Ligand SMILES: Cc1cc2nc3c(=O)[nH]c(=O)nc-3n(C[C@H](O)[C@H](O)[C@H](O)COP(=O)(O)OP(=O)(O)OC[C@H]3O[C@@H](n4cnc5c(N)ncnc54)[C@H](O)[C@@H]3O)c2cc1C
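Quick setup: one chain, the form predicted on its own, written in C-alpha cells, and binding and motion questions come after.
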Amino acid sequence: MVDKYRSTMAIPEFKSINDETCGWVHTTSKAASFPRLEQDSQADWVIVGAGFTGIAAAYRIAELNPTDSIVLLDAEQAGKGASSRNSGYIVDITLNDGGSTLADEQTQLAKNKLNKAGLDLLRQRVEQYNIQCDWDESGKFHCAADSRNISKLKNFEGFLDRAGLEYRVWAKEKLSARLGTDFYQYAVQTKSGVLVNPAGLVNGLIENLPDSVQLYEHSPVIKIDDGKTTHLKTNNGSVTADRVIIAVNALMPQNGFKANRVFPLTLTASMTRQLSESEYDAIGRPEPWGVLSASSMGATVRLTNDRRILVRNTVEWWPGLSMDKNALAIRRERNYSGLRKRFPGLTNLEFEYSWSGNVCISRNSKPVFEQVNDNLFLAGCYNAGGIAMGSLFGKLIVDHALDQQSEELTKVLNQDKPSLIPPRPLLDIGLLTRLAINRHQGKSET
C-alpha cells in the first residue's frame, strides 16, 4: 500500500520546476502543444504524468483496450520534465549496481533484462513512427580518468565475461583517438545501450499517441477523491475515471506518495554550441559518443550527433527541486571546469544551454511499482535509469491493472520494495554527508 494514503487527498500548490534552457529541447524539432483541462469530464483511465512512464501506459491501454478513453495529464509541458532533461542514455547495464557477489550479479542481470525489454519497446516505437531522435546504437563508454578507478572497470569486465554480455576494452591511446580527448586512461564499452536526444524521443512518442488519448498540459492535479471511482481535480477542471495511474517519478513525495520511501536528487548539465569545423578537426573528428564515469559522482559527458559537448558533473540534494538563475550559473561553472579538463585546446568553446533536472532515488535502489487499491496504481523511482525502465514500467503497470500475466511482470512484482528513509531533517543530514563523501572520492573524475 502507498504510505499514509488517504481516500481524499489535497496536493500542495504546484510550482514549476522546469527551466526553459534545456539543450535537448532546443536542439530538436519543436514539440506540439496541447490544451489545459478546463472542463469536467469522465474517462475510463486517467494517467498523471506525461513522461516516459505515462506515455508508455497510454500506448499499452490503447493496445489492450482500444475502445477505452484515456486522459493524460501533465502539470507542465508534456515530456519536458525528467524525460527530456537527462543525458540521453537508454541504459542496458550499469557499472555501480552490485557485481561483487553472486546475489548482486543475479540482481544486476535481472535488471539488465528489464532494461533491454524497455529498450526494445522504445526501438519498436521509433521504427514504427520514424521518430527523429538521433537514435545511436553504438553503446556507451565506462571510463576512468584516475588510474585508481581502473580496478572498478576490471571488476566490471569480469562480471560482463561471466554474464556473457558483449563489451570492448579501450586502452589510453586508442581511447584518446576515439573520444578526441586524452583525459581518460581506460574504458569498458558496453554495446547494447543506446544514445538519443531524449527530447526528440519523447516529442515523437507524444506526437503519435493513440487516438483514444486526450492529453492536457499545464494541468496539475490539486486534489484526489478516491472511492468507487476516482475524481481528480485540477485548477480549472476535473476528471472522473475508473482507473488512475500515477507516473510522476521524482514528484511522488510532492504529490503525497512514498515520501518515506523515495527522494529526489537534482542534477545540472550544460551543452556547448556546435563545434566549428576547425574545432572538430582539432579533436580528430570522432564519431558521437557517450561517457559514464567509473565514479558514481564523476562526470557524464556526451559528444552529440550535431557536434555539441554535454557535461553533467553535479548531483545534489536540493529539496526545492528547481534552481534559480543564480544557482544554475554556479553549477554551469562547475560544468565548464569539467569541459576544460577534457578539452583544454578548445579555448573559445562556450556553453549555449544549462539546465537542471531531477531523478528519483530509493535507499536500496529499488523502484516503486504497486496497486494502491482497486482504482489506483503507482509506478516510478528508477534510480537514474528512467528511459528504458520507465517505459517498461508504464507498459507493465497497465498489464498489472488488466491482469495480463508475463515473465517480466512477475519479475517486477517480486522485486524488493523501496526501504524506509529517515524523516527530515535526519534525511537532509544523511544525504548531504553521503554526497559530500562521494563528491570528494570522485573529484578526480569530475
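Small disclaimer: the values here were computed from a predicted structure and weren't measured. Numbering starts at 1 and runs along the sequence shown.
The same protein also exists as the form predicted in complex with this ligand; that form is not shown, yet it is the one meant from here on.
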Looking at 334-342, 124-132, 241-249, 147-155, which one sits within 4.5 Å of this ligand in the model of the complex if you count heavy atoms only?
-> 241-249
Quick one: from Ala117, Val359, Val315, Leu346, grab the residue that has a heavy atom within 4.5 Å of this ligand in the model of the complex.
-> Val359
Ok, Phe263, Tyr89, Phe141, Tyr186: which has a heavy atom sitting within 4.5 Å of this ligand in the model of the complex?
-> Tyr89
Is Leu73 one of the residues lying within 4.5 Å of this ligand in the model of the complex, judged by heavy atom distances?
-> yes
Ala401 within 4.5 Å of this ligand in the model of the complex, heavy atoms | no
Consider Gln214 of the chain shown here, and say whether it contacts this ligand in the model of the complex, taking contact as heavy atoms within 4.5 Å.
-> no
Any non-hydrogen atom of Ala43 within 4.5 angstroms of this ligand in the model of the complex = no
Would you check whether this ligand, in the model of the complex, lies within 4.5 angstroms of a non-hydrogen atom from each of Phe14, Ser83 and Val221?
-> yes
Can you tell me which bits of 256-270 touch this ligand in the model of the complex, meaning any heavy atom within 4.5 Å?
-> Leu267
